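Below you'll find only one chain, the form predicted alone, shown as structure tokens.
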Amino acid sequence: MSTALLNAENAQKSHSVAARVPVTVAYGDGIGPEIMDATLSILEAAGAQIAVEPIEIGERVYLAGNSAGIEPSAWESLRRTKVFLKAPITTPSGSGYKSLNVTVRKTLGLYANVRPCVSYAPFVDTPHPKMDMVIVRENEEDLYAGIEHRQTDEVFQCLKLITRPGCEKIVRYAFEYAKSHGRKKVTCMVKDNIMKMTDGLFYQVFEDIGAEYPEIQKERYIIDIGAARIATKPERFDVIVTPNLYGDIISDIAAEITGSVGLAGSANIGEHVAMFEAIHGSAPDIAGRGIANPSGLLLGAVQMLVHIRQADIAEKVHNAWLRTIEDGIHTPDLKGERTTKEVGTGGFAQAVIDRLGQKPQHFAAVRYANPVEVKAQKPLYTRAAPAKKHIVGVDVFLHHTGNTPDELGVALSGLSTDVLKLQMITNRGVKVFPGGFPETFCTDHWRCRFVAIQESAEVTHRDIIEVLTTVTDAGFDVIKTENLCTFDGERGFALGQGQ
């Protein structure tokens, strides 16, 4: 058992058990146990009223034969305490192992990932001394749904899932966060010029919900130029809200340009449970050397203390950490001109402990208040009445080689039924029949769109089965289908590129 855990258990004997908040703690892999020991020792010295419940997750659990990386007893602790302080874990290489981080976030409904990214110039080297942004990343869906398939010899697929409730939850959270933290602007970053339906939905929800917060500035960036501006002009941003994959990427960019990814902590907030962690990985290459920077996990723990209504302790810890940084007490990853003393993980923790009760001299002292219980005027999301859904056709995907697009198109056109006819064929989204170009490179994966011969016709599932039967009887290999539908008369599918 770790030193910090023993100290926490001993300290528990001298305090009222009722006053201590149960917290599920995972020591993780790689540098995880070292930085968790350091973090817990600081929290204990600061007077944090927490009762640690250790669980084991990660690499050892994976390699013991549990492909989820977490045991049922760990789930029981998480669901009971509803507060999780987690060190980085290692997902073993090779197929069959799903990311435990993603599993925990999605299983427990931790829909909002909140990552403050702040510069600490001149004590931590950075080209952007005035950077102070918060990235609010959607945490449950997008490509991180992890729904992937190999469909042909040459083509693999990953489904991007964006839902209206998911968009509403994260966008409303971003605006509420900005409002409660005195932030002035919320920026939406998407790629809706290309993914007009999925990212388009995210931006539409941003527009709709943003209108309810007239006191907060709103802006939109396409994610590629947005990421570039984060790297070159981060001071222009305040709060950024974005889907899952983009948020994962830009939060690491933002953390890195503050001076070190090792300085960034994050909160994962759900309706029932919250998880707090560093944003970096388990860094097995430096594990056991005692040189890892515990700052990211410590600042995640500061967010946890505010969440469990121990804002006074969070304030004490954060200010002591700032004083340590400006006094030049740095771990090797932060070594620079302002470093007065290079220390390891334990030495850094002790330096923070020695400064508890002190305020920074260069940086503005932080102040925290316990969250105020306010009943939201509107729910996080609302489910609208179902739209009137009308099937107008079907996309039939084929695994096929040996024909040109025109030859394939002629063959499939002859397989039309009384209700459905071939409208077009695409390859990797580009229309190749009719009227395709020979310069277009094609793989063995074809989308063949069959639509109603009569626009007003009511296409049924039996009509779709009929065309599938006709196509398969002709010897074609059908690998998937997607029904083409309208919702309240609005097209619910994208056109082909070039259509």
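Residue positions are given as counts along the sequence shown, with the first one as 1. Remember, predicted model here, so these are calculated numbers, not experimental data.
Below, we refer to the form predicted in complex with a small molecule, which is not included among the displayed structures.
Interface residue remark: residue 292 is counted as part of the site for the small molecule in the predicted complex, having a heavy atom within 4.5 Å. Looking at residue 282, you'd find a heavy atom of it within 4.5 angstroms of the small molecule in the predicted complex. For the chain shown alone, residue 168 is not a contact residue for the small molecule in the predicted complex, no non-hydrogen atom being within 4.5 angstroms.
Remark: residue 319 does not count among the residues lining the small molecule in the predicted complex, judged by a heavy atom distance of 4.5 Å or less. Residue in contact with the small molecule in the predicted complex (any heavy atom within 4.5 Å), chosen from 187, 324, 90, 244: 90. Here is the short version: of 426, 258, 101, 310, the single residue with a heavy atom within 4.5 Å of the small molecule in the predicted complex is 101. The candidate spot formed by 262, 286 and 333 lies fully in contact with the small molecule in the predicted complex, as each residue has a heavy atom within 4.5 Å of it. Screening 359-367, 404-412, 386-394, 274-282 for residues having heavy atoms within 4.5 Å of the small molecule in the predicted complex returns a single hit, 274-282.
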